[in-house]
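Coming up is one lone chain in structure tokens, specifically the form predicted alone.
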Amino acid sequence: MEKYMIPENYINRELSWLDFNFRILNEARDKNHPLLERVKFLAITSSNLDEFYMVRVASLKNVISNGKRDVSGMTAKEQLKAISEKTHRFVDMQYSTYSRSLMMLLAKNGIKITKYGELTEKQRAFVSEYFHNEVYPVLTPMAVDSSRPFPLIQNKVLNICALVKNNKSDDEGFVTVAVPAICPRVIAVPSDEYSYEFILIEDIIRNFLHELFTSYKIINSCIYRVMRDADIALDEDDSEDLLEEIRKNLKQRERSKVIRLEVEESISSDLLKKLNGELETNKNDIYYINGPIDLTFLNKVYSQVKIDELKYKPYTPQIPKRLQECENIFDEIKKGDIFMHHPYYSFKPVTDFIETAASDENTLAIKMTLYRVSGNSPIIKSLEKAAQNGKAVTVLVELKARFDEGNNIYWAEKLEKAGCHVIYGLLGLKTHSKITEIIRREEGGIIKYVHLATGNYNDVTANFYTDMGIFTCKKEFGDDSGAFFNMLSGFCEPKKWNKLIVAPIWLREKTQGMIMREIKHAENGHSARIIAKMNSLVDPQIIAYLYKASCAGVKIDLIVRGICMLRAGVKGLSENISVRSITGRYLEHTRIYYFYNDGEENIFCASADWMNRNLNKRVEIMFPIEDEIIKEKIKDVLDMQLRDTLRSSVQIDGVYEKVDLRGKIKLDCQEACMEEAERECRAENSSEKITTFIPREKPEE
């Protein structure tokens, strides 16, 4: 594979991620989306960029001195320079989209985000009362002088700084105040002109700064925000208590180094000099913002505005026909595997599965993995109830799930108090698998019911993440599930696996073996095809195998939402590989791997992307789809996504472009899946196959 693993064959990972965020930004600029959905896309680009800086940029800064080159041939220093240049262009486009397009369109539709200087007298009176009653009591003004050092500026928190002059002595000073997180960012003000008019909390506070520093005159002020390093290494080997080690890690994040400073474009040179001197930021990491800092506030605007025509038409996730009238979900699973495709199908059957087991007198035990759950998770409540009802409940709560560590610590302790046996994850590995096992005593003996999925057990994100899962009680899956949980809880790695393909044990080996099998079929003159859908394609070795397969004549279609380091369509290297990214109403999160296998057609769903971390450093599960009806449904979904013309961007040699619509039918794969789910779930005959999909393209001979 070495001949394929040369730098020019790989796109830099970080620059590829920025390209992905540009694609999200293009959705905010796409006039085909309802206006408020475009506003929401813009908010998503902001939260995406924050996480990218806290993790990926921070990690590059931590290794900038080692001089090593990544697989694309770039040093950390070169990557940081390229990231800075590209991100500055990105931010300029973000705020151009905000001010020159979306804000004007919102105003035309009766929605305004106003500034304090634009308020009427009536509105100013309202804002003044709001400030004095709701905001002023929770503000903490901070002066900086010889006796009061520069305060800790918290990560991602908006702040307002100012240069001030003493009214008596004319001495100048520096002050700063944090915008309290407890206060809503977006405040609705009464309006005679607009249906909805909002003002931002930082704008209000800034205009009452003089009341916080009554002995001083405000010379000038500026709103600013810092981003801190969240890529702090966790010392698992020397830690006796993983939970306490993670708590310590979270505290360290609060004081980690600043990696990005956002300031208003109009900031004075004196204020900038003071901030930069105290925060020690590199000039390339300073972003001059022409608009409100942190556009995630637009999510609040979206949720507060109740104008249906400016949003997507509401969609109700469907209940699969087999589960609509069944009295007992376990009896229904015994009839055959049940397929779930969220959010087109409701997540409720998954939560009901666990809730039913918690109260079911025949249930002996429940075992499951939790990576990210919602803030008010019904699953947690069911697990607590099950333990209180005397069931043996074992839960792996992954404490190392980034940015969910604090939340997961809370749930882990809550489950322990309820009597559940809680595992905190494995040493040196993140457990990213999505699996639940329910063990029941029935007339014929012990039966294990298993749910396997590509997405988290999160009832909130299940409404806008696309994921797939199955319910099964086949013995081989049950045996593997039991072996998997024994491996997590003890030192019990099984001698063999029947169906589940587990990382880091042999998922890489199995994947590479199936790619090589397609290569051999092609070399023998047989049809050969691979379709792979995932979030990110990063692993250099897997990419090399795909290049080899392409050169052997294997037709490869990749659906990669985010990062893709593979260069598609390069003559003599990847001319048989297509890469597309789908961005739309829902976040494409499903992982599906299809191998033609000389007509036998192997299909797998997985919790894992083709990334080094998923294959080598995480506990993941890939599971085969064996039910023929379910296989056909998944093939239909893949086929629809490959034919999509509205939500897809196609990559050729690192450059993404929207599908050229000339001569093509307009097709939104997500809209089509919604329509298909509605038709299927209301069909009088559940075995009836209703589809508008065009027949799948056969692998090329």
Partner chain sequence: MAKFNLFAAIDIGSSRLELKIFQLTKEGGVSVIENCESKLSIGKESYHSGKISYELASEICACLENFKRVMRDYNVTEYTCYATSAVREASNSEYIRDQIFIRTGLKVEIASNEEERFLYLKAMAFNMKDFDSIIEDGAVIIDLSSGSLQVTSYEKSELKFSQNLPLGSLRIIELMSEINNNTINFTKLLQEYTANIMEIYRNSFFTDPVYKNIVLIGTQVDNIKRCMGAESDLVRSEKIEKLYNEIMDKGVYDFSDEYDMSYEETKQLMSALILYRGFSVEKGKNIYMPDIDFTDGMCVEYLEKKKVTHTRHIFTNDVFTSALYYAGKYKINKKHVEKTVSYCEEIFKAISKKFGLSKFDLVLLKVAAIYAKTGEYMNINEYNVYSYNIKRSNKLLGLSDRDNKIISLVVLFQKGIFENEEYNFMTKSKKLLIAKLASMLSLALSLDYEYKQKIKSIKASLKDGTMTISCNSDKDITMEEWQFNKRAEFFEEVFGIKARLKK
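Here the structure is a predicted model, which means the values were calculated and not measured. Numbering follows the first chain given and starts at 1.
In what follows, reference is made to the form predicted together with the partner chain, a form of this protein that is not presented.
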In the model of the complex, the residue from 210, 283, 441, 168 that sits within 4.5 Å of the partner chain by heavy atoms: 441
So which of 183, 219, 460, 392 gets a non-hydrogen atom within 4.5 Å of the partner chain in the model of the complex? 392
Using heavy atoms and a 4.5 Å limit, would one call residue 493 a contact residue for the partner chain in the model of the complex? yes
I'd like to check something about residue 364: if you look in the model of the complex, is any of its heavy atoms closer than or equal to 4.5 Å to a heavy atom of the partner chain? yes
Though only this chain appears here, would residue 482 touch the partner chain in the model of the complex if you measure heavy atom gaps against 4.5 Å? yes
I'd like to check something about residue 132: if you look in the model of the complex, is any of its heavy atoms closer than or equal to 4.5 Å to a heavy atom of the partner chain? no
Sort through 295 to 303, 80 to 88, 95 to 103, 443 to 451 and report the only stretch with a non-hydrogen atom within 4.5 Å of the partner chain in the model of the complex. 443 to 451
Just to make sure I understand: among 533 to 563, which residues lie within 4.5 Å of the partner chain in the model of the complex, judging by heavy atoms? none
